[in-house]
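One chain follows as structure tokens, the form predicted on its own.
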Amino acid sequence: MGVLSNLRICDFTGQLAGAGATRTLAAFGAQVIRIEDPVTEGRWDILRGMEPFVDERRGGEFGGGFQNHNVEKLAITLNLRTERGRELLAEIVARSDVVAENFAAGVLARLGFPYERLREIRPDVIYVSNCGFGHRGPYSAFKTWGPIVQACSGLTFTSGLPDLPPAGWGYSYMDHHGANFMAFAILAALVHRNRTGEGQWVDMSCTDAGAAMLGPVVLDYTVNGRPARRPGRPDSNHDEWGSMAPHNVYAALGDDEWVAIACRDDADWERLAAVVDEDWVRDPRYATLAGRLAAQADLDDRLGAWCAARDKFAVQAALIGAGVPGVAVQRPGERIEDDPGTTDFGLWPWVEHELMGRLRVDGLPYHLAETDWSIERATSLLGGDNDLVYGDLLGLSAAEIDDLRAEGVI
């Protein structure tokens, strides 16, 4: 029983941008009923069969990302190509506070359930659509994916090394950001309904969610006329505003081992110099920020040589002990398995999946003292909660549910 246990969500979301939003609400107790198509075995969500895998087994029940993004949800199948399937969806909507989806614009409407129809079924329903460009404007019909959203929003252009093409982000981090906005939008609409009794359509654009991360870049361009990529602009490992030096990631002892160090001011530099305690740190050029910035390449070389001879965690311990912002660049396994902060904060809880066994999944990066989140239930198999939802929620008998299966409705 979580703080949102009075909330029911009729959930058509998938991938990351949508499924991540309803996952957060489920962790706080919302009943999320994830609806999938039995004909295609849920494969509109490509994460179902996408790596990583726990072993040699492949298929729609073994996608690691899908498992991670659908914990704490109920899973049902429903064939909306059938009249009976559409009738059952109407009954679920009538009992739901929220209908959430991240199809391309207009897909749910073409399935027979535009916002107007949803509102006929339940006048105070909250409908949240989350697509690449939203349902309004000249780009609404365009199809997107995480890297496309990042490129169009302007984020990709900000990432890369000087004199080289934009590097992009590779992975769809933008989808996670869009999921956070979607969860916030659902909660905001619920607050409004609690105050007024009114539902509404929340139209989201994931591309605009990406553009919302460009605040300093937009300010610099609109006020100063300076583009994000320009001659003399530091790469992303250095402080782009010239207020910190050293400010970089340095190779440490071993293969592909690294340490991040950032000196905020002259006092930080003095503490770092005391830890290093070699003749070169007493170079008078390094005594001031202006001097360190002017000689930054030389400073990076010397500090890099010092780090390269030392274990990254030993460097981390020495710098933290001296009060200098510095930390080892951790591999995922080091952060997940070896860092005591993981256990103490509960960032990656364990769940027991019916086929894959015991798995770690993402937790949430915050804790509420009185109404905290909980993730204990693994993702159900395709249609694994059909009997529960159609029986307990809609009141169908076991024989009626069997008939739905035989008729291809579920």
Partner chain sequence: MATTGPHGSPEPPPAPAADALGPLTGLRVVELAHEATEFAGRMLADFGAEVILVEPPGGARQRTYGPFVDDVPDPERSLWFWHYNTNKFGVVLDLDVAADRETFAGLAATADVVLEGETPGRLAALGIDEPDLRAANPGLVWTSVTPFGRTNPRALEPMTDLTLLANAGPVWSCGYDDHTIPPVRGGGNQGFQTAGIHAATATLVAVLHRDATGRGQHVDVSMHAANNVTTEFATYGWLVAGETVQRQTCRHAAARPTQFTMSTDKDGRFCPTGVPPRAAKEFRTLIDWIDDRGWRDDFPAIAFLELGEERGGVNFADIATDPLVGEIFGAGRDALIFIASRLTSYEFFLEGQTRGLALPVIYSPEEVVEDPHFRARGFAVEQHHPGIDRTVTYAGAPVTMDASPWRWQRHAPTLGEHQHLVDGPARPQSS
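For clarity, a rigid core is taken as the largest C-alpha set superposing within 1.5 Å between two forms. Positions refer to the first chain, counted from 1. Worth saying up front: this structure is predicted, and the values here are computed from it rather than measured.
The discussion below concerns the form predicted in complex with the partner chain, not included here.
- Taking the partner from elsewhere, D256 is found to have a heavy atom lying within 4.5 Å of the partner chain in the model of the complex.
- Using a 4.5 angstroms limit between non-hydrogen atoms, I410 is distant from the partner chain in the model of the complex.
- Within this chain, L16 lines the site of the partner chain in the model of the complex, having a heavy atom no more than 4.5 Å away.
- By the criterion of a heavy atom within 4.5 Å, G383 is excluded from the residues contacting the partner chain in the model of the complex.
- Residue H247 is the only one of R302, R310, H247, R292 with a heavy atom lying within 4.5 Å of the partner chain in the model of the complex.
- Only one of I121, I92, V71, V217 lies close to the partner chain in the model of the complex, with a heavy atom inside 4.5 Å, and it is V217.
- Figure note: of the listed segments 277 to 285, 94 to 102, 173 to 181, 292 to 300, the one touching the partner chain in the model of the complex, with heavy atoms no more than 4.5 Å away, is 173 to 181.
- Annotation: in the model of the complex, residues R43, A314 and S374 none come within 4.5 Å of the partner chain through any heavy atom.
- For the stretch 179 to 202, the set of residues having any non-hydrogen atom within 4.5 angstroms of the partner chain in the model of the complex comprises N180, F181, A183, F184, A185, L187, A188, A189, L190, V191, H192, N194, R195, E198, G199, Q200, W201, V202, in sequence order.
- In this overlay on the rigid core, G112 has a C-alpha that sits less than 2 Å away from its partner position between the shown form and the other one.
- Relative to the superposed core, R233 undergoes a Cα shift of 2 Å or more between the shown form and the other one.
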